Structures are given as structure tokens and as C-alpha cells.
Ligand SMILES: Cc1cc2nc3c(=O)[nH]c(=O)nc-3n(C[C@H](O)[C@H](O)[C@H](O)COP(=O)(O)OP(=O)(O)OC[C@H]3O[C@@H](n4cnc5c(N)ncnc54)[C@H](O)[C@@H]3O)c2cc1C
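Only one chain comes next, encoded as C-alpha cells, the form predicted on its own.
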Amino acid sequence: MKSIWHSTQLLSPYPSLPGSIRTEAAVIGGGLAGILTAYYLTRSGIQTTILEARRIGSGQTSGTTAKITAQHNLIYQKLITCFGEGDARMYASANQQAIKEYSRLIHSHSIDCDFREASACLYTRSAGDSLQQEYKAASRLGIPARLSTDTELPFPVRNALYFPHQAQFHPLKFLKAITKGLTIYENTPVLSVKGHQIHTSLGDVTARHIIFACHYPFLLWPGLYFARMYQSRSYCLSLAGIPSLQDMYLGIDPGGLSFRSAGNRLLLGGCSHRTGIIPDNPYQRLQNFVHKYYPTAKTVSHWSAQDCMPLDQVPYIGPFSFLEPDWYVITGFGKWGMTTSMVAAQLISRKICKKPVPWESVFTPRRIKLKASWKEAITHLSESSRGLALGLIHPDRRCSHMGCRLKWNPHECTWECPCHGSRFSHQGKLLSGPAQTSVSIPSK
């Protein structure tokens, strides 16, 4: 189940950590956010080392639909209401600036990564004024936007909200280009971090600055990120035989789907669910849609991806905790990791280089926004408590992170943690964290 990105771009391997080393900055995680952060730090003259548990770009970066956009579902009306207009304006500015920076970087370095400008569109097939409200919020914040009922979709819509001058690209082609000249160690999982010391099975890394860009922070303390996020899985089909779309689309209704073209393929995504809360076959649901609306299309490949969902919808980017002033965190992208990776890289690199950071307050991990997060917090607490209780009652098949009872996902053939989203193979091999070790799965 390789994504279209993995199928069309191979990345050269990097060595494992050769032993204990010293470096000015260490980035834990070799996805797009970690690589971009290392790129900007290195260009600023700071010796930076990337530690990747598997292969660079092998996580969410390879599973994304690769939209570079400031249109993050219905976000701006909520931000104005719950964060205030000032923070909402900074959020919009940071993401719009990220799109411009991608364009500048790609064009100035002549990076061949299928980068193309396109509009991003939210659509609804139902009655309601949510898109009208989002349009007013976006306009209030200075985001160019327009409402329409015209789309390229194979069904009529009630309303559609377009943000022009957004973009899309091939994330692994981009990643390959910007890793040149960076110090990267693959197959080097981090086991623990204490102060300025990073411990791996291959040696210790001593660093002045430590950046956690490993998707979901694996430490329980400090930070308590396990109580502030959950993970969500979504699914994607790559389809042939469909005319290319000029723009990118996302449905805001329950069960709404994502559409974008990549060359001569259409990427159809959706069926999101909390990891560990297993739905009906998501791939079949997507295929049913294809059979109805694209009867001549051929499914070329399918895959799934996983995102960290912050309870108030805003990523955590900045100092990890006041207890560790030289640690930084990048997490909680909430399905918008391509744009937010650039926001994070610029914010963290500026912070370390002691440059002005104009968007720091909206993304700070130290924020408390109860108005924006209390409903999600109750749901997260309920699901986590249930998973932990079942883990105590049935001690077999427990997650190695905090002991929650694992659930079997027959559509992915994986064991999944409903509390914090760790995933394991049929035999119990660790596939993704925050768990750090594999588990023992009793035979039936």
C-alpha cells in the first residue's frame, strides 16, 4: 500500500548514527517539518543533526495529499471566536507566508517537485450558512476568498468557498532536494532525552538545542502532550482515467471527501476516524463513491495516513515546556502538515537564532484555550480512560506507551491504540508512536 509519492520517488539512504557525537542542534524526526527546520538552522550557520527512527519521509510526509494551503477546513470563524481576532490574523498570516516561502524556495533553487498554484475549495452539499460565516471571517482577516456554486466535482454543491493562490506539490521530490548538505542519520530511534543528552542504542547525542519533530512526542513528562492530542486516520485512493482537476477540494459535511489531481491521477481521500475506533471498510466506502461518480476510473493504489489532532485545532509549535528551556516541539498539525511544516521550521529556527518570531503567541504550546477545546477534551478523556481501563482488565495486547488496550484494524491489518494512536503490526512490531517499543501479541 505505497502512496503515489513513494511509488514515484526513491530517496537515497543515509547512514545510522556512528556513535556518540556533539552538535549544536538535534532534530528528532526526519519528516518534512524536521528536515525544513534543519535546513533553515543549517543555513543560519548552526550545526544541526537529524535523527530519524526509520527512513526520512517515511511517515505522514509520504501519506499526505500534499496540499499547501491556508484553508484548514472551517478554522477562521472558530479562531476569531475562541482565540481572538489578533491570533486569528497571525494564524492566517503565518500560513499565507508559508505558501509564499515554498514558492520562493522552489523557484530560487529550481526544485523539480511538480509545484503548481491552485485554488483550495471547501464545499458543502447541505443547507446551512457555515461557509458564508467562514467567508466573512476570512475576508475580515484579509484572506482573498470567494463564494460560488461552480466546481469541477462530479456532483452539484450548495456552496463552495475558494481561496486562490494556494498550491500543491510532490513532497518527496521536494524533500530529496532540500536534504542535500544536511547531516542525517537514519534507522536511529531515540530512546530517551534528558537535559541536553539524547540517548539511542547506537550512541548518545549531546546538543545545545533539541527539537522534537517526531510527529507525536513520546515523552509523558514534561509537556503532557498525551492529554492534549489524539490521532486520526484517513484513507486515500489514486485513480486513473479521470480528467485532471485544476483546483483542490475538501467537503465540510460529515463524510465529506478530499479531491486533488497529481499529474494524470486523481487523489480521492476521506473516511477519517479516531485511530483505534474502527469504522466500516473505508476503502470500500471510497470505492463505492468511485463506482457511482467515476464508473470508468481505475484504482491504481491506495494507502492511509495518520495525523495528530490538537484539541483546540491549532498546532503546538515552540518551547516544549518551561521546565526544559532548550527543548522545542513541533506537533499537532491536524491534517495540514505541509503548510504547517514550513510555519514550524521558520518559527523554531528564528526562535533558536534569536530573531523576531511574529506568530509565536498563537502556536505556543503553553497556551490554554478552554473555550476552543473543552468539548474535544471531554471526548479525548473519555476514550483514553476507557482504553486504559480495558488495558488493566485485559492485560494482554496492551500498548507499550501507557498500557491502553489495543484494537485490531482489519482494513490495515494492524493493532491500534485508541488512546494516543500508536500502531503495531499483526505480530506486535512497532509501526508508529508515541510508543517506543514493540509489544507481545499472544497467539489465539
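All figures in this text were calculated on a predicted structure; none of them were measured in a lab. Counting begins at 1, following the sequence as shown.
Just so it is clear, the following notes concern the form predicted in complex with this ligand, a form of the same protein that is not shown.
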Discussion item. Partner absent here, but in the model of the complex, which of 411 to 419, 383 to 391, 28 to 36, 397 to 405 has residues with a heavy atom within 4.5 Å of this ligand?
Written reply: 28 to 36
Discussion item. Just to be sure I understand the contacts: of Ser373, Ser261, Ser234, Thr151, which is the one whose heavy atoms reach within 4.5 angstroms of this ligand in the model of the complex?
Written reply: Ser234
Item to complete: Go through Phe333, Trp359, Tyr328, Tyr76 and name the one with a heavy atom inside 4.5 Å of this ligand in the model of the complex.
Response: Phe333
Discussion item. When this ligand is placed as it is in the model of the complex, are Glu52, Arg55 and Thr64 each within 4.5 Å of it, taking any non-hydrogen atom of the residue?
Written reply: yes
Worksheet entry | Contact label in the model of the complex: Gln306 to this ligand, heavy atom within 4.5 Å | yes
Worksheet item: With the partner left out of view, is Ala213 within 4.5 angstroms of this ligand in the model of the complex by any non-hydrogen atom?
Response: yes
Worksheet item: Wondering, does Ala120 line up within 4.5 Å of this ligand in the model of the complex on heavy atoms?
Response: no
Fill in: Contact label in the model of the complex: Val190 to this ligand, heavy atom within 4.5 Å
yes
